[in-house]
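Take a look at this single chain in structure tokens; it is the form predicted alone.
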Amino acid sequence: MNNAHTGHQVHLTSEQMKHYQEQGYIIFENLFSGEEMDRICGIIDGFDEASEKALRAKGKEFISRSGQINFTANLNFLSAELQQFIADQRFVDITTTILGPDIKLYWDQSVYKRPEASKDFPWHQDNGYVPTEPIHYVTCWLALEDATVDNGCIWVQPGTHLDGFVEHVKTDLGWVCYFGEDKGIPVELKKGSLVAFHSLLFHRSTPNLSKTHTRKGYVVQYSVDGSFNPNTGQLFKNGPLIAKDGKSAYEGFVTRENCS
């Protein structure tokens, strides 16, 4: 499914919105250029390398496993250029169209799945990791390099977001919401392409069967401004305000200490 975008703007069609509402996701092909991805990937590679080095000493840290799959979170606070990127007009257009006029960064993390990583990352809803009110937020999974079935792209079960939140079971591989036989459908993405999906959509990733290529993804999540953890009552302060009244609201680098 292609998106119609001109320059740095994205105009979602009624067909795309219908697909999101009914199936739970939209694919935006070639949303960012190869040059943009090389620049962003160059920044994230350094953070992943440092994170993987620290992980190597432990072997495993919750859902990260040394030499297999590594999650490096809150990158926007580590790089002014990266934080400016996650406030790009293309993200503003996508998220304000889906969620409404006032948008804040909910979470960001790189996910690098190493060559010959042998395990699935299991079926889950993103809400299964942290309870959120309002419950609906948008996950943007961006391919820093080509994501294929061979190297462990994500898979989705279309329409599962319509069933609401499903209780998750904690396992060694992560929180799991589905143990059935439905394999779902693969979401292969070319470098610079992105899939935006509902936070309640069932998704997983399969092993990286390639011998030489790390599957590199950047996961950027957006919620309405003012979203909070209903268990603690605490507002999420994981990144800057992205949009206000439907327009870009980013005014420059925000540190964790100054994130309101």
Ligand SMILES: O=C(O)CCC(=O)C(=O)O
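Remember, predicted model here, so these are calculated numbers, not experimental data. A residue's number is simply how far along the shown sequence it sits, counting from 1.
Quick note: we don't show the form predicted in complex with the named molecule, though the next part is all about it.
Heavy atoms of no residue among H168, L200 and N231 are located within 4.5 Å of the named molecule in the predicted complex.
Only one of 29-37, 213-221, 187-195, 42-50 lies within 4.5 Å of the named molecule in the predicted complex by heavy atoms, and it is 213-221. Although the partner is absent here, L55 sits far enough away that none of its heavy atoms falls within 4.5 Å of the named molecule in the predicted complex. Put simply, Y178 is far from the named molecule in the predicted complex: not one heavy atom of it is within 4.5 Å.
Within 4.5 Å of any heavy atom of the named molecule in the predicted complex lies no heavy atom of D108. Among residues of the shown chain, S227 is not one whose heavy atoms approach the named molecule to within 4.5 Å in the predicted complex.
In sequence order, W141, I154 are the residues of 140-158 having a heavy atom within 4.5 Å of the named molecule in the predicted complex; the partner itself is omitted from this view.
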